[in-house]
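Shown here is one chain on its own, the form predicted alone, set out as structure tokens.
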Amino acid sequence: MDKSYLAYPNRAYGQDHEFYDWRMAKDRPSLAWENGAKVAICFIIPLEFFPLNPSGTPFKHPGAMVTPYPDLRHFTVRDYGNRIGVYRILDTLKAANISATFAVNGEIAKRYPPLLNFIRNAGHEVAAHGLSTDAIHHEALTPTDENSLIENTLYCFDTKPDGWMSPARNQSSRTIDLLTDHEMHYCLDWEADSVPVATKGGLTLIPNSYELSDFTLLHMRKQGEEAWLKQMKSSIDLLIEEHSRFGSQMLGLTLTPYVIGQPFRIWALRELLSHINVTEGVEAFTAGEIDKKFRSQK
């Protein structure tokens, strides 16, 4: 390896960034969720607008169009999620009496106000999810341009959300500070721990599992629904087992409407929610509820 790789100026003991203080898992204070829950489940449902002709700057969103313009096959599948799949998820959450956090693109907020009203009236929470899937936050943006992306996103909502998830969960080194400047309460981009982490500016980083995302497991890795369900249950069981060592932990689980909302897959979500409801020590909370509970214990 070229020795220049070892000359990174921020390399230090513990971690090589300063967004939050470093500590080992065994040294963090134990958390306690409501109702004595040992494991908090936070369902995050992205509602995303995919342009037919994405710029792909600096990279294409993982769910972006695949074939040359106009890629109507993939476009209509994504649109199916926002028109059909999301309502199957909403029906399933209602049947299980579970509330979730819907991460909504600004373009979706502008184009589908009745959908946002339906989500809010059903008792769920709305977080901002960037302007669109073609508005990626990255290091080559100027601070002014990235700040404008956040401002323009928040402008699309009639009520300013407290939470944020970046398109493709990609950030620049400035994103955390800019979100803090805009008085956002929590961010759903990272999964650095199995408990929330507070940045030095006061933003709560709520873990959002990429490895357990339905998009990752069912779409990218082409696993079956049975395997996905088993992995969800196994993850919950292990966090319960670890409670005596680490206190209450959490799982942030992404449910993608055009993936888990398909008619041949929704049974797996129904069974997962049933498992959560009958398993002692497991409770589902929105990201905002987790943020407030975490802040009260810092």
Partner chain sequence: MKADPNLYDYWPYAGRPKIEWPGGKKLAFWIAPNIEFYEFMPPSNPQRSPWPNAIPNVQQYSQRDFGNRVGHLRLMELLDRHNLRGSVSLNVALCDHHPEIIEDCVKRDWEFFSHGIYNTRYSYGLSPEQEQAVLDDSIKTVEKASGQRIRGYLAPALTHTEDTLDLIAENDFWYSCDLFQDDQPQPLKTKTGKLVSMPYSLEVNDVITYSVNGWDPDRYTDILKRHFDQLLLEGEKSGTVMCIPLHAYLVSQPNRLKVFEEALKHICSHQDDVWFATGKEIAEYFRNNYWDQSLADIKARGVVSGGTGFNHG
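Numbering follows the first chain given and starts at 1. The structure presented is a predicted model; accordingly, all values stated were derived computationally and were not measured.
Only in words, not in the display: the form predicted in complex with its partner chain, which the text now covers.
For this session: Let me know the one among 215, 157, 190, 80 whose heavy atoms come within 4.5 Å of its partner chain in the predicted complex, would you?
Result: Looking at the other structure, the residue within range turns out to be 80.
For this session: Could you spot which one of 143, 123, 201, 224 gets a heavy atom to within 4.5 Å of its partner chain in the predicted complex?
Result: Exactly one listed residue reaches within 4.5 Å, namely 224.
Exercise. Does its partner chain come within 4.5 Å of any heavy atom of residue 59 in the predicted complex?
Worked result: Output for residue 59 is no: heavy atoms all beyond 4.5 Å of its partner chain.
Exercise. Is there a non-hydrogen atom of residue 97 within 4.5 angstroms of a non-hydrogen atom of its partner chain in the predicted complex?
Worked result: Residue-level check for residue 97: no, no contact with its partner chain.
Exercise. Looking in the predicted complex, any heavy atom of residue 247 within 4.5 Å of its partner chain?
Worked result: Flag for residue 247 set to no.
Problem set entry | in the predicted complex, residue 36 touching its partner chain (heavy atom, 4.5 Å) | The answer is no: residue 36 has no heavy atom within 4.5 Å of its partner chain.
Exercise. Among 66 to 74, 235 to 243, 37 to 45, 24 to 32, which stretch sits within 4.5 Å of its partner chain in the predicted complex, heavy atoms only?
Worked result: Contact criterion met by 66 to 74 only.
For this session: Pull the contact list for 188 to 204: residues with a heavy atom within 4.5 Å of its partner chain in the predicted complex, in sequence order.
Result: Heavy-atom contacts to its partner chain in the predicted complex: nothing from 188 to 204.
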